[in-house]
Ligand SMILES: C[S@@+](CC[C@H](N)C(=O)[O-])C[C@H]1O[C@@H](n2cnc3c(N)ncnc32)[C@H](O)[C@@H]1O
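Single chain ahead, written as structure tokens, the form predicted on its own.
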């Protein structure tokens, strides 16, 4: 799917459905918060949420006083939903962009992606994502990527996805990223169905260091 088609799809989703009417909705992002904490997130660090949409992760990070918070999403409608929940959204970096075509102008300590990467089914888009991840993450920074597990759904929001285990995700990211941990997770949708995910945490290595 081309970037323009992806943008139109997600803009339509977030303008026609309430935030709790989509399968990925969760009231409290407990797993993401735990994984960020285990990855070493400190109050003075910067974290970017890729495909964050209307997720409540930004609310919790903002309330905790996190120094640097960025949310990237294709849909400005999704980001507007998140902004409307916050008492002060002005200190958040809101980025309306397709991650595969985005040019970062800074680097972050942590990269969080809960179920955005698995929508990139074309190899060219996957490699573009890895290129942006490499540019946007500091050396020694951690990337948390959640995707449907091999026994997870084959589609989401009417779109095909690529399902991953830790090893196949590592193969796509390449040698500059070291797998630190991976775990399975069962997400229950607002209507009670269960989706199998796997979440992996990677460290970005300096280019001159071996894995």
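Numbering follows the first chain given and starts at 1. As the structure is a computational prediction, the values presented were derived from the model and not from experiment.
Absent from the display: the form predicted in complex with the named molecule. The rest refers to it.
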According to a 4.5 angstroms non-hydrogen atom cut-off, is residue 137 in contact with the named molecule in the predicted complex? no
Though only this chain appears here, would residue 204 touch the named molecule in the predicted complex if you measure heavy atom gaps against 4.5 Å? no
Residue 156, heavy atom within 4.5 angstroms of the named molecule in the predicted complex: yes
Please tell me whether any heavy atom belonging to residue 98 falls inside 4.5 Å of a heavy atom of the named molecule, as the geometry stands in the predicted complex. yes
Counting any heavy atom within 4.5 Å as contact, can you tell me which stretch out of 36-44, 177-185, 163-171, 50-58 lines the named molecule in the predicted complex? 50-58
Determine the residues of 52-83 with a heavy atom within 4.5 Å of the named molecule in the predicted complex and present them in sequence order; the list may be empty. 52, 53, 55, 72, 73, 74, 75
